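Below you will find one chain, with nothing else, as structure tokens; this is the form predicted on its own, and questions on how it binds or moves follow later.
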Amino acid sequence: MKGVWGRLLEVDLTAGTSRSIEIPEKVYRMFLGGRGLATYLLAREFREKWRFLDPLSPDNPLLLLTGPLTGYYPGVKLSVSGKSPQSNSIIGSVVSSEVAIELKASGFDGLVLKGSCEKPCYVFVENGNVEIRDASSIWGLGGLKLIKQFNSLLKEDVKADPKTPFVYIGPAGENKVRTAAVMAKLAHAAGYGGYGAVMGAKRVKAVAVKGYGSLPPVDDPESLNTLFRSALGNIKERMKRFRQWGTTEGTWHTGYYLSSMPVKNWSEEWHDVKDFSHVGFELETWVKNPWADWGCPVACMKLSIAKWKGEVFITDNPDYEMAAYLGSNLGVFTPKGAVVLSSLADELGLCGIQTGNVMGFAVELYEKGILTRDEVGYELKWGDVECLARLMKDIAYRRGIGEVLAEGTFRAARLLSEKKGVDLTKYAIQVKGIAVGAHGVRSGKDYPQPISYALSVQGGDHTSVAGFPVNSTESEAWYSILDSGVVCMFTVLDDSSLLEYLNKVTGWGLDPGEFYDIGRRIITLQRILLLIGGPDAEWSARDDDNPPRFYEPLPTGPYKGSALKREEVDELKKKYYAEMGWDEKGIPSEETLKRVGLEEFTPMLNMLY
């Protein structure tokens, strides 16, 4: 076996035990690792019981996985997965963290956490040896204090190497907020999926990993070394602008030129505030540029600092998604304001996209008089950083109106609709429980296609969009391969070079058709689990749709009047079903399962008819 060790480390938190699980090479060849391997393992373990699995129960495993390209391809990502408390399906959520490298250097391809601890704990793994230790002294801490104190605790408690990397949760995860993220370092987050809440439900504050061994052998080390050096040079050259500006450039480019940036809960998608741009962020907040994680030649991150009300707020860029969702989507058009809210989200352990989305939903309801001051406890206004910061804290600690909003946009809309006796879902900009990424489709100028979110097996995830052609870098098959590899999308040049790289590592000799079949296999299995859903929400072809607001014309900007056309979306939906081998209800057919090697899951289809 090349590129992988063929084993995972499973930790039973309830019993306080651990064991090695062997994974056959055939499984890696079919699902790679990361998101794909998580999907297979969860489907195999739960099958028809999936619908009854509560994502926030001890029975839901949390998987921290690497892929065959971890450690060999430039950059580093860790895949975080399990049953999502947002979509009730599987989301492949990735975060930049050296924990991935350390896992492989420990002799394992990943870590599976099962059960839960009675008391707050942390998990320490060194060369495959597992310790489950008391975390009472760090439970309740936010990011900055947690990082300082946990480093000291690791040194005193288990004599850990001072450079031992870890992932952790903030107060939001401890309180099982469905928009909570699994955090790394100060400002990195696996946000999509709500896995911070899953980790909190297990009462695991942090997972630290250190390995002193080698990476698994590769098939063709000499050719791989040549490819690696070539890739480094090509990536550096191609991503020059990212190195200079990061994705923060989108605050101007996406907002002003593409007219596809969320503004005030997507009531608009265009702005012309010149100071709210990458240049504005650089002049006002950046103190370090560039900044990179292990082995990344792009170095798209920056370090930002803002002083506000006597406090210092530190975060990265913020990247485009954070600036959009914790800036323009909330009516905040100052770099300092966006940095304050981004830093606060990091501190509390919240996903900026999912939380900024539900906050925008709440502010719009307040603006329309649907939510009242008595219900909220204070006034909510677009652009008011003080009230928005207060609202974010209320969500993280489930206080007042925050108790409802902590359920995420989909569930909050459902709960408030029931309470108010009116349908509020038209204000919820989400797909299948997942808030839509900060790239609109109404102008037709950004990369998502009209069916990208509607048909994604990861709902509104902008890093896993559906699209045509279905075997191309425009497709969700491609994104699932990236998440299963596990590599960063910004370091990959094209599909042919990634395939060549994968073959040099594994020796599998895959051709392009087999390569994309891996992605389609993963999506097909994710689709089955998504449709089964449960226990509190299930999805069907009816839910393969965009948020209602995307069918309303853009009110401002160069593409004023543009909107999605329902007839076009419906036609594309039929075409997508057909090309993916799904029937008219969007259910994968038995023939499709047989074609992609998923026959063992055919009985699960009976639950969908």
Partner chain sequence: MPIWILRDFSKCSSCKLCEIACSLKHEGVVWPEASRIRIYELIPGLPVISTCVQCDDYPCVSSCPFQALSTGEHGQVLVDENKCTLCGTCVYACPGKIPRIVRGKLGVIICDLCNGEPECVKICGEMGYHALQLVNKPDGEIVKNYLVSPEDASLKLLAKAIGEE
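Positions refer to the first chain, counted from 1. Not measured: the values here are computed from a predicted model.
Below, we turn to the form predicted in complex with its partner chain, even though it does not appear here.
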The listed residue (K393, K426, K307, R238) that reaches within 4.5 Å of its partner chain in the predicted bound form by any heavy atom is K307
Go through D384, E98, D446, E282 and name the one with a heavy atom inside 4.5 Å of its partner chain in the predicted bound form.
E98
Note: its partner chain not shown here; in the predicted bound form, the stretch from 201 to 209, 530 to 538, 399 to 407, 226 to 234 having heavy atoms within 4.5 Å of it is 226 to 234
State yes only if every one of V436, E571 and Y577 has a non-hydrogen atom within 4.5 Å of its partner chain in the predicted bound form; otherwise state no.
no
Residue-level contact is defined here as any heavy atom of the residue lying within 4.5 Å of its partner chain in the predicted bound form; does D293 satisfy this criterion?
yes
Determine whether any heavy atom of K163 comes within 4.5 Å of a heavy atom of its partner chain in the predicted bound form, and answer yes or no.
yes
Would R133 sit within 4.5 Å of its partner chain in the predicted bound form, counting heavy atoms only?
no
With the partner left out here, check for me: in the predicted bound form, does some heavy atom of K420 sit within 4.5 Å of its partner chain?
no
Its partner chain in the predicted bound form - contacting residues of 129 to 165, heavy atom within 4.5 Å
L144, I147, K148, N151, K155, D161, P162, K163
